[in-house]
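Just one chain is shown here, as structure tokens, and it is the form predicted on its own.
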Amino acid sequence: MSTVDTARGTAAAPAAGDPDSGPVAPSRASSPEGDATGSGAPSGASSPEGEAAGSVAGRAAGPGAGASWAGRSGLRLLGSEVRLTFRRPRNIAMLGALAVVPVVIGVVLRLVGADDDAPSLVTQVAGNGLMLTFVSMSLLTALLLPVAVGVVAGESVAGEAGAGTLRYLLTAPAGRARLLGVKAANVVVFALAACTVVAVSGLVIGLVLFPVGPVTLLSGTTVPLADGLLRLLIVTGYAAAGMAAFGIVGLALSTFTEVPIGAVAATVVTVVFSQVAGAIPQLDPVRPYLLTSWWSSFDGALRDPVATDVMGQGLLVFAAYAFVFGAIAWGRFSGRDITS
């Protein structure tokens, strides 16, 4: 079931004068992208009598029932969006690539070993396979994870507009606010899934290729294996929060264009620009405000005690980026003329 189908199946026609609803679609039309984003346009419009009956029924059920209905329809719309995202071969291939990288790193470290000048995380992999997950996360948050999230986020709105299905989604009373919220939630789900794939792949290949036991942290303290696994969960959650904030940036950029590749390229360029800016010593004053400066701060979970101050600052930066760019996305999407 496509997003368009779900929006049609879970919501009645928009109420007259609803400012949150999109333009009314023609009675019969077809989507140019077919299965990519939806199976087609609405086959017909509901009658005024039906809208009136629905409105009366909604008022009789009370505002609580209306909120419950809206929540259920929103969850169904999110479920459809998530299924579409994870069924696309391109997205599956990106997740597969993310899963392969820890395997390659593990095999290379097993066969060749780490250089004496390598970071301590890398040298510890030979002694404990659990560290492979941390090494993989450190390497992939630099570029490959942001690219994967940026592709999904960048085309979230622009892809629908480019395929001509955006106005049909807005014809059903999904509403612009709910539709944008669903798109944002879908990006967050994909960011969490991408980080989880890296963590699980690194953990599995680490268990297979290297000994596993008590974990020696970066601060020199040795903790039990269960504590190490808990810290692995913290690292995965922190990395997912950083990628989700970046995904909201991509979502905001996606509302400015109807060309998906342009939105994706702009999203990826922001990562490159931010990392270049963070590497220039003369720009040190702006480094704390760059999103990429905090992505690798999950290594605070590998210290005793956990560096909650640094990780807390990172989470605040992530939240600030998500709020600012979420507001930009809403401001652009709510006032935009939807013509495709």
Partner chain sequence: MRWGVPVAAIAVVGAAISAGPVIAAVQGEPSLPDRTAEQLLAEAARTARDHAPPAMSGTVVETASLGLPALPLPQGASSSPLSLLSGSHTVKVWYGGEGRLRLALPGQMSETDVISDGKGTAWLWESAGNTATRLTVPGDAAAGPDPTPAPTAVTPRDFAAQALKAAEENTAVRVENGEHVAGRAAYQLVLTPKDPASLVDKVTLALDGETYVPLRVRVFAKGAAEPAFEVGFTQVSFSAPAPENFAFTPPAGATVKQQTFGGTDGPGDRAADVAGAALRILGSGWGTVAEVPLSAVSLKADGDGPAKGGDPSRLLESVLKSATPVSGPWGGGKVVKTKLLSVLVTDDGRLFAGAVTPEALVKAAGRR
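Because the structure is predicted, anything quoted here is derived from the model rather than measured. Positions refer to the first chain, counted from 1.
Here the subject shifts to the form predicted in complex with its partner chain, a form of this protein not shown in this document.
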Can any non-hydrogen atom of Q275 be found within 4.5 angstroms of its partner chain in the predicted complex?
no
G220: heavy atom within 4.5 Å of its partner chain in the predicted complex?
yes
Does its partner chain get within 4.5 angstroms of any non-hydrogen atom of P305 in the predicted complex?
yes
Mark T270 yes when one of its heavy atoms lies within 4.5 Å of a heavy atom of its partner chain in the predicted complex, and no otherwise.
no
As a check of understanding, the residue in T196, T85, T216, T257 with any heavy atom within 4.5 Å of its partner chain in the predicted complex should be identified as T216
Contact set, 286-309 vs its partner chain in the predicted complex - heavy atom within 4.5 angstroms:
Y289, S296, F298, D299, L302, R303, D304, P305, D309
